[in-house]
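One chain comes next, on its own, written out as C-alpha cells in the form predicted on its own.
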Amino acid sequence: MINFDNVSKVYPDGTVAVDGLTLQAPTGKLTILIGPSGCGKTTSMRMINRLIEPSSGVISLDGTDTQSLNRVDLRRRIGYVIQNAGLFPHRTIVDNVAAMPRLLGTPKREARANAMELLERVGLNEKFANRYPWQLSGGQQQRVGVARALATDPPFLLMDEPFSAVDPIVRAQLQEEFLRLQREIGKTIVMVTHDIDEALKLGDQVAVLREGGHLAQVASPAHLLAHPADAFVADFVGTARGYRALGFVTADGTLGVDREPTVRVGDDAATATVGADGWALAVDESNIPQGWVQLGRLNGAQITESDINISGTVAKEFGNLRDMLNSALSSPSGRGVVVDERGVLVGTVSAEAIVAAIRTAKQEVLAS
C-alpha cells in the first residue's frame, strides 16, 4: 500500500502545489490521479519516489516512511514509466530492459534472459530484442518502457501519462495490453493521466484533484460516475457520465439476442436470406462478422468485399451495455452484433432491447 498522510508541497515562492493530501493506493490495485492542469497530480506522484521532496506530511510504502529510506534504495523498490518511454538510444531493446538489473549486479546472461521474458510479456517477440529504440514505433517503445520498469520486479509502479504520446488506436491497444498485464502481475500502481476515459477504463480507484492540490473525491470508476461528490467532480467527469456508466453494467446473458441471417462474399444476392429491412450480416468461413450488406442495392449480383459496410462495431456476449448500445447505434441496420470470446457470431440485438436492459439496470441501482 502507498499511503499519503496529510502531505503538502509548498515551493519557496509560496506556491502550494499539494495541500494536505490524505490518500491510500491499495496493494495490488491501480490508482489513477486526475484533475485539471495545476492540480498537483504529477507532483503528488513524484513525491512517492522523492523526485520531489514533500514539505510536510508522511508518505509510506507498506508502512515504511519514505523519508527513512535512502533515495537509491527507495527507487529500487519503485518502477517508473514516463511519456515517450525515455529509452537509452545507444542500447538495444533487450539491453535497455536489462540495464537496471545489470547495475544491481545480476549476471548479464540472466538479466538478458529475464529481459526477453518481459518483452514477450508486454507483447514484443524476440525479433525486437536487438533493435534500437529509433527502429520501433512509439507504441512499441512504450511497451519497452513498461518492461524496463518491471525488470527488477518492484512491488510499486509509478506511471506518468504513459500512453498520451501515441495515436488513439495504439493507445487503446496499449491500454488493453496493460490491463491484461496488471491482471497477471498485480502491482501496486499510481498513474497520472489527463484523460477521464482512460482513468475510468484502467483505474481500480480514481482520485480527482482540484486546483491547489486538494483531493475532491476518491472512488471506484462506477461510484464516481454514479455519485460525484460535488459540482466540480460532476463537471470534471463530464456530461457523458451516464453513457460512460454503462461501461460498468454487464450484459449478463439475459439480454435477448436474436438469430441473424448471414451471407458471405461470393453469395448470390438474389437468393441470399435477408432481413425485413434489406440488410444481411456478412461473415467469413469461421462465422466471424465482417460487416453489413444491403442486398436490395446489388440487383442480384454476387456479393463482393466492396459491398460490405464495415461501420458497425461488435460487442461481447457477456460484455457491457455501453458496448452493446454502441454496436446497435453504429450498425447501418440498427442491430447490434454480438460475438463470443472467440469473435464468433452469437446473434444480434436491437436498440430497443438494449434500452430496456438499461432501464432495468437503472432501477436496480436506484433500489440498491
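One rule holds for the numbers: they count along the sequence shown, beginning at 1. Computed from a predicted model, the values in this text were never measured in an experiment.
If you look for the form predicted together with a small molecule, you will not find it shown, but the lines that follow are about it.
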Is residue 42 close enough to touch the small molecule in the predicted bound form, meaning at least one heavy atom pair within 4.5 Å?
yes
is_contact(residue 194, the small molecule) in the predicted bound form, heavy atom dist at most 4.5 Å:
yes
Is it the case that residue 17, even though its partner is missing from this view, gets within 4.5 Å of the small molecule in the predicted bound form, heavy atoms only?
yes
State yes or no: in the predicted bound form, is some non-hydrogen atom of residue 36 no more than 4.5 angstroms from a non-hydrogen atom of the small molecule?
yes
Okay, which stretch from 42-50, 321-329, 308-316, 57-65 lines the small molecule in the predicted bound form, with non-hydrogen atoms inside 4.5 Å?
42-50
If you check 177, 267, 95, 161 against the small molecule in the predicted bound form, which one has a heavy atom within 4.5 Å?
161
